[in-house]
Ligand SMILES: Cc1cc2nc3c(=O)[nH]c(=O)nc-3n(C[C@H](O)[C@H](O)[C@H](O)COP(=O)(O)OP(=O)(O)OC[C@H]3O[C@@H](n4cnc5c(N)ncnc54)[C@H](O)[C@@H]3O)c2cc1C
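Next up: a single chain in structure tokens, the form predicted alone.
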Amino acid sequence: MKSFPSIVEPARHTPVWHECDVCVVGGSCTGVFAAVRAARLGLRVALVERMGCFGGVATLSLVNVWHSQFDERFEKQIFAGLTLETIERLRRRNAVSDTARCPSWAWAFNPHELQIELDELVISSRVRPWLHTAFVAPHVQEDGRLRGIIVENKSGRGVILANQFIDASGDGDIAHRMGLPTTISATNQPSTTCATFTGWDSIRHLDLGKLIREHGKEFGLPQGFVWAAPIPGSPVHMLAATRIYDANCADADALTRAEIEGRRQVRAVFDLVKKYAPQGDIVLQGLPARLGIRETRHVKCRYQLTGDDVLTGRHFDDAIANGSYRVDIHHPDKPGITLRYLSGVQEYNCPGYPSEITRWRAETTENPTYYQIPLRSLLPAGASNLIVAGRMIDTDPVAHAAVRVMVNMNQTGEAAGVAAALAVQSGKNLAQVEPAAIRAELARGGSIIL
């Protein structure tokens, strides 16, 4: 922990700006879906987001793909809910394209159209939005119960009071500032800055990963991993070809350096292509409002989901999410990614080299085809009316490498919204709400509960 000199701020009376049943901090799709599910149960809900739009990684960071709704064999549908509802909303605007039976992604969408769809989803659900509003500190009562959050925006500093709170900040900001236990993994997955560009057809045939391996040092480019996706209804593509190592993006200084370094790497990739593949007529069209962060803090909860739980497809009585995206390890200490499938296959992909196919376990006659996330991994130890949703839920590094993707985290948001709503309606603490009741309400609201 850094040590700084300090000043004494004068005491102040902070006005209460708003009072509601449920307050969600963090306006990613996870946070939006949490807010909407609670609001659809008749609760008064506030949604606080420090940036100017909703969607998080899917919009601000330009990561415009979501993964399959089916199990690893593409035979059984394992989730639905607001993820599919949002896809159908985008489809009506020709803003989504499909890829069948693909483990890498099922849908590519237009992130700009998604911004507007999320606005409409929030407003139509009568959620009270607070954009350009930063969470500052928790307001905790003497009995340890979270009573409100202090926020700041262009109007100054105010308080939002609520009965139940959902931390969908990505970094566990509420939990951390309440002093609840959090951890940072020793194998923290590196971040990536995406970009949008035109001229895909002129470089479609290139092995960009190989070019970076051969010439990246000249441009100060680390080896990482390279992939791209179309933006439906547009001549523009999204490119992910950067990797920012050694940056804990829950730290302000590290986040600042990572943002600047990511943009530098984007330019370096384009300069490399112009020099070594001059036939590639590519033009930078857009940069993200925020780099793509894979991992920062994890909040210590009532259960830590493990890699063994994921890879063996363990089922839980309090399961609130189902996933099939493979374990996808972006290494903090070497290029490429390692993929582990529930079938036992392991694949190491390093740009410019053939994939190395091995096994992480011996062949078996039966394999799991999906995994589950339990409610307990969303419930912080020591908090009575706070639930977390998103990439900071309690997982070990291997489990995190699989469950962190958006379609899984979207489900944790829906579960958190329903859990908070039932806690308000029953007058109970979150841990006292029966998981069976949460699962039943999720199913009534369109989720697939297995």
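The first residue of the sequence shown is number 1, and the count goes up from there. Remember, it's a predicted structure, so these values are computed and weren't measured experimentally.
The next section is about a form of this same protein that is not shown, the form predicted together with this ligand.
Chemist: Going by heavy atoms within 4.5 Å, which of 254-262, 287-295, 207-215, 370-378 lines up against this ligand in the model of the complex?
Modeler: In the other structure, the partner sits against 287-295.
Chemist: With this ligand left out of view, choose which of A80, V345, A134, I123 has a non-hydrogen atom within 4.5 angstroms of it in the model of the complex.
Modeler: Going through each option in turn, the one that passes is A134.
Chemist: Between V36, A423, M406, L386, only one gets a heavy atom within 4.5 angstroms of this ligand in the model of the complex; which residue is that?
Modeler: Looking at the other structure, the residue within range turns out to be M406.
Chemist: My question is simply whether V398 lines the interface with this ligand in the model of the complex - judged by any non-hydrogen atom within 4.5 Å.
Modeler: No, V398 sits far enough from this ligand in the model of the complex that none of its heavy atoms falls within 4.5 Å.
Chemist: If you check in the model of the complex, is L43 within 4.5 Å of this ligand, heavy atoms only?
Modeler: Answer no; every heavy atom of L43 is more than 4.5 Å from this ligand in the model of the complex.
Chemist: Does any heavy atom of E49 come within 4.5 Å of a heavy atom of this ligand in the model of the complex?
Modeler: It does: once this ligand is placed as it appears in the model of the complex, E49 has a heavy atom within 4.5 Å of it.
Chemist: Applying a 4.5 Å heavy atom distance criterion, does D309 contact this ligand in the model of the complex?
Modeler: No, D309 stays farther than 4.5 Å from this ligand in the model of the complex.
Chemist: Between 144-176 and this ligand in the model of the complex, list the residues on our side with a heavy atom within 4.5 Å.
Modeler: Residues within 4.5 Å: A168, S169, G170, D173.
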